[in-house]
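Just the one chain here, the form predicted on its own, laid out as structure tokens.
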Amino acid sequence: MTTTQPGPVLVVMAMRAESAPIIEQLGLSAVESPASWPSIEWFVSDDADLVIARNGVDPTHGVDAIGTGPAIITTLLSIDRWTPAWVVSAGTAGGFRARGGHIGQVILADGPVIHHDRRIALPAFEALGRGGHPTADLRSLATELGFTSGPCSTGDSLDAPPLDVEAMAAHGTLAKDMEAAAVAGVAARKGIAFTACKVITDIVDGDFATADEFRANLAAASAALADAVPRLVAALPR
């Protein structure tokens, strides 16, 4: 079983719609944002054993700051502030019908998390682009909680062009998201146990346009996250 240092569980999230049900359900309190990056939002439990860090709203475009860039900044500043025992990337993701994916499925990361859209065809740099950051072995816990465990991968686009699809197929990706590998990379550099918890909103190899299916299922997937994340946090080995 994974051994961790003392500290809270830090859950890094990107979207208000995904995180709001958890914050409300658990009665988390907002605390002051970091002065160096005030768009980041922190929500903390009464016993300070759980921190949700949200990327916040992009000040230029006025929408949720999704993607790997904001996720790196949020994770780094949040680790430095809260010194967590665990880092969890939580949110929604695309799934794959060919690999048993379905809407509402909860995926707990298993194996390394890769960047499926970073291609650097130079000697010694290809692995850097791919990432391959480790996750804790929580397969038994996933089974206990009724989750599916499997590979996750990250890209900065909502769509999935053929080269990305090929990379995800080679990886066996069950959950395609936009932040997990970035969060995992920071956690790895800091030596902190990491996992990702994702709920499927859309089927990448399905019959519907990704954006339409994502919008249609976002509320239901966020409700599923509000059920899954607290159970995961409570069950993580400490």
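For every residue, the number given is its place in the sequence shown, counted from 1. Only a predicted model underlies this, so the values are computations on that prediction, with no experimental measurement involved.
The form predicted together with a small molecule is left out here; the points below concern that form.
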Self-check item: Contact of residue 143 with the small molecule in the predicted bound form (heavy atom, 4.5 Å)
Solution: no
Self-check item: Close approach of residue 128 to the small molecule in the predicted bound form, 4.5 Å, heavy atom
Solution: no
Quiz item: Hey, in the predicted bound form, is residue 152 touching the small molecule, heavy atoms inside 4.5 Å?
Solution: no
Quiz item: Using heavy atoms and a 4.5 Å limit, would one call residue 210 a contact residue for the small molecule in the predicted bound form?
Solution: yes
Exercise. Would you mind picking the one in 53, 187, 196, 178 that has a heavy atom within 4.5 Å of the small molecule in the predicted bound form?
Key: 178
Quiz item: Which listed residue (165, 120, 98, 158) meets the criterion of a heavy atom within 4.5 Å of the small molecule in the predicted bound form?
Solution: 158
Quiz item: Pick from 133 to 141, 102 to 110, 120 to 128, 87 to 95: which stretch has a heavy atom within 4.5 Å of the small molecule in the predicted bound form?
Solution: 87 to 95
